[in-house]
Every structure is written in structure tokens, then in C-alpha cells.
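Here you get one chain, nothing else, as C-alpha cells; it is the form predicted on its own.
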């Protein structure tokens, strides 16, 4: 890690919310509130806790299939000792939006079995009701269960190893190309109303200026959408688009379509190399926009001491019947040691971090009450929210309306 220039910009910090937490046994912990997982109050409590910690945003997990210990398996997961069932992430975000003032709200929406017109107006609605705090985590569907649940078309399932065969790579590429088209349609629909299209002039009887509404006329392999949207342009113009990526094809989707990418380094060496892979993907797809804002994902098991954190993790693993595994690094230790890791990776070039609490009621509280103060003492994290939208907080450029610019 020598020869690196320290990153002088503040750290961005987000938390990924998923049921009782990211450890399969989280729901069995004291205080985990398993009876409340499907209530609005539970999700309101989580988001207001995140807001108390001045976090940039929360993401909310979702899928079109029941949770599974191995979502890539063809076998039906019949386990009954883990959380199964969840609320719709986008509707949860809209529910808690009026109960919060600052924290960004980024639900997960699957592109593979949804229509971009519906997604565009739903996320635009979230941006309106949250006054400019909406985002969207783009998720590509790939399981056999999702395809069966929706029943709209037959698709080959995506395997765990994306490069297992030429046929597998082709299927993955097709699915991610469709996702890129999906996001492009959504973005065009967000621009299909100019910012001043609504006149609302009672005297003249003109509510809308029809000349400031535009057909998007998207024609592609996967979608044919005329537009305009039925929802006026969101307050941010373009709500923040995010994506989780682990390998080349997902990196390229993020480079083509997203503002923020979540990646999963497991150590210092990978932290540096993955940044290089992301920048390489941007070059390959000819990204002309601002470079991706890059967040590293980490599962966190926190304790007052390292031994206490390890004891917590062992207890959770014993309850689950197997050790915790994850696509992301599983950090087990104190908030002070986690702060040191985040500062080190921030100096490598990471803009921020998305933390996945192993047990949300415990580890989210530790993030807010222990990690955030440690980062503040290091001068690396805000001490109050500044006014503005989620885009502004993340340092993203003003979203210029492509149709207004073209007709000017």
C-alpha cells in the first residue's frame, strides 16, 4: 500500500438492510424483533437510526423469489430455520420516506422480470415523496425460482460461476445487456418531462405545457417504449442508480448504466485491484459520464472488543449450523478497527462503504454510535447533514435533461 496519496475527501457511508440482518441466524438473537419484520414501524426504526448516524443512504434488499441459502441451486430450499418472506423494497422506501428528512432511500428492483415504464414512475414517485432522496439498486434476476414465480418467459438460470461455459457467459451477457437497456429506458422516461412542464396556472386554465413533454421513442432488442412518462420529472432529475458488481460483465453494466457501484474486496490487495477493474470497465464501454462512485461492501460483526465480536460470530454460526460465508468481506472486530480499515481503503481510492449488519438491531446501532464517532474524530465523516438531494450529497453532477437540451 505504499506510494498512495491519502484521500482528502470525506467518506460516504451507507447501510444495507435485509430482514433481521445478514447472518442467517440474526433473527434468533435477543432483541432481533422477528415478529416485527413485516411491519412499517420496524423499517421506520431502522431508517431513522441510520439517519441519526448521518448516513448517506440505506439500501433495502429485495428479489422475486424467496430467500435461499443457495439461490443458484436448482433444488428448492426447504430450510425452515432462516428468515423467509419480505416486503416490497420500493414500497417500504415510500412508506418510510415521510418519516425521515435526510437519509437517502435506495430500494432494490429486479430488471429481468419488470417493465422499465413501471420502474421509472415508481422510483420517480419515491423521489417526489422523499423530496429528492431516492435511488435504485439495479438487480439482474437469474434464478429458476424467479422465472417460475413470474411466469412471463422461460430463461436459463444464471449459475454461480458466471464464466462456467461459453453458453453460460452468453446467457449472462444477454441478461446484463437487457438490464442496461432497462436502465436506459428508465432514465429517458425520467427526462421525458422537462422541469417546468407543469404550469398550474388557474387564470389561463393551463396545468401543463404539452410542448415540454417528450416521447422517448426507445427501440431496442428488449424494449420498445414510446413515452412520455405519466409522472413528472423527479426532483433530482435523475435519481441515483446503483448496482452491485463482482466480475467483468457486472462491472461493465455499472459502467454503462450506474452512478454508484458496490464491489466486494476481501483484502487490501483486492481493494486496489478491483478499483483497477472498475476503471478498466469504464474504458471498455466508453463511459463519458463522471467516473463511477465506488463503494466497498462489508458484512460487519461488531463488538466492544475483538474477542467479544468473535464470540458473537461463533454464537451466530453455531445457531445457524455452519460458518457465515458471504460474497463480501466479513469484518469481525471493534468499531475502531473497522474505522481504521475504512480509512485505509478510502486512501486507496474508495469513495465510500456499504455496511451489511450481521444482526441489524445490534450492528446498525454500533455503526451509528461507535463507528461514526470514530470516523468523525478522524475528520473523515460529516458532523451534520448539509441541505440538498442525495445526488448532491454524493457529489454527482446536476442531471441535465437530454430532451430540454435538444429542443433549446
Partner chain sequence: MTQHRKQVILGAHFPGVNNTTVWSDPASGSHIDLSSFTHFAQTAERGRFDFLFLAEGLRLREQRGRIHDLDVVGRPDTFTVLAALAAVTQHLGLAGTINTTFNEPYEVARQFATLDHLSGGRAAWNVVTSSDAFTGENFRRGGFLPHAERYERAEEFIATARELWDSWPVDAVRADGADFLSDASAGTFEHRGKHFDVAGRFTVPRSPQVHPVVLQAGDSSDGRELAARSADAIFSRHSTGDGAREFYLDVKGRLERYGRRPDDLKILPAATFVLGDTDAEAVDRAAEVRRQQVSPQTAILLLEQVWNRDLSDYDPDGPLPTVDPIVSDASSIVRGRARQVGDPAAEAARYRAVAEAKGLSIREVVIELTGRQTFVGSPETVARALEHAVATEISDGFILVPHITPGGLDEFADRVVPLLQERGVLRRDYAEGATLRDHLGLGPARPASDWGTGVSAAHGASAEPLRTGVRASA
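Residue numbers count along the first chain shown, from 1. Keep in mind that this is a model prediction, so the values were computed, not measured.
Note that the form predicted in complex with its partner chain isn't included here; everything after this is about it.
*Asks:* Out of the stretches listed (251 to 259, 291 to 299, 193 to 201, 236 to 244), which one is close to its partner chain in the predicted complex, meaning heavy atoms within 4.5 Å?
*Replies:* Going by heavy atoms within 4.5 Å, the stretch is 193 to 201.
*Asks:* Give me the residue from 330, 183, 90, 275 that has a heavy atom within 4.5 Å of its partner chain in the predicted complex.
*Replies:* Filtering the options by heavy-atom distance leaves 90.
*Asks:* Work out which of 307, 174, 81, 317 lies within 4.5 Å of its partner chain in the predicted complex, going by heavy atoms.
*Replies:* For this set of options, the contacting one is 81.
*Asks:* In the predicted complex, does each of 271, 373 and 382 have a heavy atom within 4.5 Å of its partner chain?
*Replies:* Checking in the predicted complex: none of 271, 373 and 382 is within 4.5 Å of its partner chain.
*Asks:* So in the predicted complex, does any heavy atom of residue 224 sit within 4.5 Å of its partner chain?
*Replies:* It does: once its partner chain is placed as it appears in the predicted complex, residue 224 has a heavy atom within 4.5 Å of it.
*Asks:* Does any part of residue 349 reach within 4.5 Å of its partner chain in the predicted complex? Heavy atoms only, please.
*Replies:* Flag for residue 349 set to no.
*Asks:* At the 4.5 Å heavy atom threshold, is residue 313 in contact with its partner chain in the predicted complex?
*Replies:* Residue-level check for residue 313: no, no contact with its partner chain.
*Asks:* Examine residue 230 and determine whether its closest non-hydrogen atom to its partner chain in the predicted complex is within 4.5 angstroms.
*Replies:* Residue 230 belongs to the contact set for its partner chain.
*Asks:* Going by its partner chain in the predicted complex, which residues of 106 to 135 come within 4.5 Å of it through any heavy atom?
*Replies:* Those in contact are 111, 112, 113, 114, 115, 116, 117, 118, 121, 122, 125, 126, 128, 129, 131.
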